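Only one chain is given next, in structure tokens, and it is the form predicted on its own.
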Amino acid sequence: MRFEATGSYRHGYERFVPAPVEMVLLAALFIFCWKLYGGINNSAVAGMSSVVIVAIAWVLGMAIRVATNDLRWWLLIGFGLAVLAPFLAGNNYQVGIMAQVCVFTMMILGLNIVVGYTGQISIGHGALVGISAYFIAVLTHYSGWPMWPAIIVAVFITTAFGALLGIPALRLAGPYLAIATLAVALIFPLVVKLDQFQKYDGGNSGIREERITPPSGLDSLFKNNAPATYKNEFAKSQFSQQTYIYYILLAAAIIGTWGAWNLTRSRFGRAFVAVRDSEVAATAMGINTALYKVMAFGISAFYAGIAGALFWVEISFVSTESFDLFNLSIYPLAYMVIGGLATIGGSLLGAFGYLWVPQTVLKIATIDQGFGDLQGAITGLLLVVFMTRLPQGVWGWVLGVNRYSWRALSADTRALAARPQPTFWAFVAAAIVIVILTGAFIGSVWSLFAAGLFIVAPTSAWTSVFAPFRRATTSLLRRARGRPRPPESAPADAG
């Protein structure tokens, strides 16, 4: 997760100027902070507060970057914001969203190990998360187990089941393996609804327990330092409980990220990558491909089991609707690709994108649309755009921009702008006009789709649209200047 040094900013006053990638990250930080102030009715206050946070982050980061001469300071800034998030947010809903980011961070980290690093497609991770959460619910609700021993047992069972799920990977590959894992995600809700198990798992009604409460010392600390938006004792008590749960999930996410980062750089991680790139070459190097495939599924299931445990700690409620195919199997896989395959940073960005991108669009565009419908639309659009234009994901794009100084970026931009023909820029201008008119007269969502279609269109298609117009214009200019039309070349098969 280490950023590379930006060499053009090592000397002189330019060390204090934000690099291009830093400007992008600061803009993202502003949007994130502005969204975090969900409980503040005054948009101007939320905007000014976000500006103050971004300014403080830049001043601190600039001092660290001047000392270390690279961009690792963003890790420190991100950690500081994560710790202070409950006190920056305006209500418990925003704190709950941050807690769910920690849950999906663990899930996407495990999914990235088996899909990104090992190359084995798995669409059944929602079932693994559900198995862990349901085992914890049954053990605590019906058997009277304490929560933490129940979590250990549930994670162990989920890991074992995930390793067994990896056995079909020894004989299946590609779409066949994807279909096999998809079957697990489809079967799991049906098994939960069976009459034989409804007296244990609650069937469609699910299982609900009281959420955990902080110890008295932490409870007093959180209540005394609650933001001003929590005006009465009940609101402060809710803030204290949600903050306590958030910090438990944050600690688990940090430890899980550190573990995945070290795993991918160990001999196990290198073996996973070798199996992904070429099983024949990996076997020739003495790697037991069968063992590492099963191990990758087991480690991924271990992370999914922890994600299920964190899900239970955060929600304290499980039902079949909580683990449907799209919410816990398709969407995490899509945002893992959008964030960046085979990267730890991409997993973190994917977890943020899964929960924050649709809600941010709803807030900025003030769209009267259901969150679920908009999430599906934006996810599909982003997936197509990133697979066609940025296959390395957001994290790969950030690392690519990080290699530029302002001078290098300006030079490459001018060189890129000089390559296409004038018809290309005519098409770009027409596309911008169409997108603006679509947003003005039809709706913001449709303008978003129109922009996505223009982005994913091949460059050859862009120029070919205006090819007849270009030929006609060239012919008219030649006639106006009195130049003869060049003779057409003879066919290749002419005698």
Partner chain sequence: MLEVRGIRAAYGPVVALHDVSITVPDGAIVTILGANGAGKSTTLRTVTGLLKPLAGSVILDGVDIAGKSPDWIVRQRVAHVPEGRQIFATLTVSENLALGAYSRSDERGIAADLKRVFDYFPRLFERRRQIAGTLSGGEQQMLAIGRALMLRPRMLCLDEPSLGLAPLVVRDIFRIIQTINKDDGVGVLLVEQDAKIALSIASYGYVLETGRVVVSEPAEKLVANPTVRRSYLGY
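As the structure is a prediction and not an experimental result, all values here were calculated from the model. Positions refer to the first chain, counted from 1.
Form predicted together with its partner chain: not shown, discussed below.
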{"item": "Distance check, R267 to its partner chain in the predicted complex, heavy atom within 4.5 Å", "value": "yes"}
{"item": "Non-hydrogen atom contact I248 with its partner chain in the predicted complex at 4.5 angstroms", "value": "no"}
{"item": "Residue contact check: A284 to its partner chain in the predicted complex, 4.5 Å heavy atom", "value": "yes"}
{"item": "4.5 angstroms heavy atom contact with its partner chain in the predicted complex for V280", "value": "yes"}
{"item": "Region of this chain that lies against its partner chain in the predicted complex, out of 285-293, 132-140, 146-154, 309-317 [heavy atom, 4.5 Å]", "value": "285-293"}
{"item": "In the predicted complex, the one of L165, A252, A226, A271 near its partner chain [non-hydrogen atom within 4.5 angstroms]", "value": "A271"}
